[in-house]
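Two forms, one chain: they're shown below as structure tokens, one block per form, named structure 1 and structure 2.
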Structure 1
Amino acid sequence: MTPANLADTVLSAARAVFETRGLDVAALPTTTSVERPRNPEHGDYASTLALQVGKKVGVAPRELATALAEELGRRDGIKAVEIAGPGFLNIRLDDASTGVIARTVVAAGSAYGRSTQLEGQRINLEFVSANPTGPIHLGHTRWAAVGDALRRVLTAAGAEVTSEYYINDAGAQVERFARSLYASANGLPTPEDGYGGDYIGEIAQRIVAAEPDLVGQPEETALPVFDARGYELMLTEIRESLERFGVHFDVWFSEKTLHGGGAVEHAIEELRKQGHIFEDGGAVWLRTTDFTDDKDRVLIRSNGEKTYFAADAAYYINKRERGFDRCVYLLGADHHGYIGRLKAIAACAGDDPKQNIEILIGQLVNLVRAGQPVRLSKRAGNIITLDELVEAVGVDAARYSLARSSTDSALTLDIEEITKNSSDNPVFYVQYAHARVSSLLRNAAEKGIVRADDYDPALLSHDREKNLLKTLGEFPAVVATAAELREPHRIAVYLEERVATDYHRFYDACQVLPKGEEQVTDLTHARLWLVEATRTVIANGLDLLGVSAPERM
């Protein structure tokens, strides 16, 4: 019996009690949950349902808990129910009810952990969105790892997710990029506001190799070519770097299309219909202060120039008109000011900023080696690039290390720590658990021992077995919570602190395969089911983080 199954049983028992006592069944929640007590002596699971609803229906919580305990005691798989404090229910399952979790996991396979919790939601998830003027750097890389993991988690929870990269290709930074390429190709100093780093010279050389006549041409003649070709080459490099990192975007959205296709003008008209547009000083404004923004925002300046904010408004409205229920933005640490203005755009467009838009802010990443800052990149100038990080630590270590911590906090990665083969290294610890499971199953196959078609779940009665089973049973709830809270790092914490740890403890305490002349027993088969279930959960969890599950290490 998984925690979800038990929660359904508790709710079913509550309905039976309410009907017997003539209480209002409508006072019961549509769903409930159970939790594992910190102290195992308090039972396998605990429920607070009696505390939640007792007073609503005029019954003392402890009295209601007593009735619930009696009803639950008649349900299959429940060994005992104890009442604690003002109305807590401490529930103990029989061994078979716990042991059957392994069968549930193995039967579901790669689908275990998935749910329909967010079914029907269409989510646009925008992340990374680096300017196409340089390589992906370490800060973008954190969002690449977290954003892609979040995409996987939301999808596992049943949402229809479109991952999107917003190409900031309509601003002055693209022109500065082109001028930097022109200067490099012609042996001129980098413009004062231009871009440095060896990559500028590399791209300029590639452009000149294809079109040698560009060298020596006047800037006004050559600049459009450096602009177009440089943009194309840089964007291709960004795409390829992300793909090598295991990050694929469904949509690459160009900011230029908002201006060239009339989307900005359309957005302004839509906002005007909502009554939040006004004109002052020859400029067109959006009255965002009506919705807690710190000041009203200019859409069109008095000289007719459209602002970045106008593009932001057009982009949001474009997403909503493409049918997305919820627009999720993953932005860098320097974008805190965008939270209020983006939510105000949603409100001005007639949407609910609590439902239709989310802005997640990620904190900075520092890279060190043995506690000392890693030198700046020669190729990219003043940054460390995604490719350089991957070259130093590998895709798995980079993705796992960047995704395993809450983005609310700044992150420091030590190259030596995240690449060493030690249990102190979280990614190694989890991957080693999967490799250890795989090794055991290989050994079983080599001895001619195959997992039986079924097993007696009551045989899995050892405390270490029951601990591991209950941990595996929590995986769907962990995924659902990670999706609901937009916190994929919860998957990593669960794999490290729960699954891998409980499996190693089980392995050390419970012999799985016979030794020497020992015979294969029913317990052997039962434990092989448990081992297979463990492998399934670790593999599924690592997949949600975009990390491989190696069979050998």
Structure 2
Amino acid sequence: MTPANLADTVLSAARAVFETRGLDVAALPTTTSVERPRNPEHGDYASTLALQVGKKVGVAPRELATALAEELGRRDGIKAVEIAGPGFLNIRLDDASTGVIARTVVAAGSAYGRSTQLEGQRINLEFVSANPTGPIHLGHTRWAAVGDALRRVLTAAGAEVTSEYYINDAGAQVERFARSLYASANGLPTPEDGYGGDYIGEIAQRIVAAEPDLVGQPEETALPVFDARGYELMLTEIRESLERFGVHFDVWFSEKTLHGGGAVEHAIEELRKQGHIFEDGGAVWLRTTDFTDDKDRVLIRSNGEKTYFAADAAYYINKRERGFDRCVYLLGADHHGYIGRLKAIAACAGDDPKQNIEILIGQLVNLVRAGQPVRLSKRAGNIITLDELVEAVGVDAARYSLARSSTDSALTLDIEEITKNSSDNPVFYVQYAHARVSSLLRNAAEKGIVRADDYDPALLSHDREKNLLKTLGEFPAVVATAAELREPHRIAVYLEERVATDYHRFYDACQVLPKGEEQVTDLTHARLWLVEATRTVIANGLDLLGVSAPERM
């Protein structure tokens, strides 16, 4: 019996109790859940249903719990129900009803954990969107890891997700980038407001190698070439870095195409229809203060130039016109000031800012070296790039350490720690569990032991077997919660603190394969089902994080 099955059983028992007592069934929630108590004395699962609804219907929670316990105790698979504290229901299951979880997991295979809870939702998920004027650095890398994991989690929950990268290629910064390349190619000092990293020199060299005539040419003729070639090379580098990191974007969206294609004008028309456009001082404004912004925003400056904000508005409207009903933005904490204006764009466009647009703010990554803070600055030349991080620790460790903690907390990475001591990375704890499983299954195959078509679930009665089974049973709820809250780190926490831990403990206490002259028993087969179920959950979970599940380590 999975937790979801049990929760349904609790609810149906509650309905039965309500009916016999003449209570208002409408007071019951439409769904409920059971939790796993920390303390094993509190049973396999606990329900707080009596606490939640007791007062609503004017029955003391403990009294309601007593009636509920009696009814629930008659249901199949339930061994005992106790009442504790103010009205907790502590439920114990028959060994067999826990044991069947392995069958459920194995039967579902790679689909175990998937659901249809977000079915029908078309989600546009935008993340990273780093300017094409430099390599992807550590700050962006966190969003790459988290964003891509979120893409996988949302997809697993049934949503139709498009991952998207917005290329800010229309503004002054690409021009500065071109001038920096030009200066480098001609041996001139970096412009005052230019970019000075080593990569500028490298890209300039590559451009010049292809077109040596560029050197010495005046800015008028050379700059457009450096602009076009530099942009192309930089974007290619960014794309390749991300692909090597296992992060794939379905759409690379150029800001320039918004300006050139009349999208801004179209957006202004749409916003004007909704009545939120006005003109003042020769500029065109959007009255975002009608909604959730602290000041109105200029769309077209008095000199006729479109602002960055105008592109933001056009981009949002473009996304909606492409059929996305939820536009999700993953932004760093340094952009939190955008929440109000972005939400206001949606509202001004006549949309529901609570439904159609969602802005997820993540805290930044702090770097320390041997405990000393390191300030990342392009000028100081100590930018850590995605490529360097991967070089130091590998894709799996990098992705895992960036995706395993909540984006609400500012992550602190010690450069020395992650480069020197990468074997401390918790990802290996999880991967090792998978490698151990794989190794065991290999050994079974070598011994000619084939997992039987079925097994006796009641044989999986060891405490560590039951803990592992119950943990495996939680996976769908973990995925569902991660999707609903947009918190992919929950997958990592679950794999690490629950699945891998429970498997290692099980492995430590329970021999699976026969030793020496021992015979294959029914227990061998039951345990092989459990092992296979564990393999499935770890592999599925790691896949949601974009981390590999190695068969050997």
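Fair warning: this is a prediction, and the values are worked out from it, not measured in the lab. By convention here, residues take numbers in order along the sequence of structure 1, the first being 1. Take the two forms, find the largest set of C-alpha atoms that superpose within 1.5 Å, and that set is the rigid core.
Q: If only one of the two is the form predicted alone, which is it?
A: Answer is structure 1, the other one does not fit.
Q: I want to check Tyr432: does it shift between the two structures by 2 Å or more at the Cα, with the core superposed?
A: Not so; Tyr432 is displaced by less than 2 Å.
Q: With both forms fit on the core, has Gly85 moved 2 Å or more by CA between the two structures?
A: Indeed, Gly85 is displaced by 2 Å or more.
Q: Does Glu71 count as moved between the two structures, where moved means a C-alpha shift of 2 angstroms or more after fitting the rigid core?
A: Yes, its C-alpha moves 2 Å or more.
Q: Rigid core superposed: how many angstrom does the CA of Thr48 shift between the two structures?
A: For Thr48, the C-alpha ends up 3.3 Å from its position in the other form.
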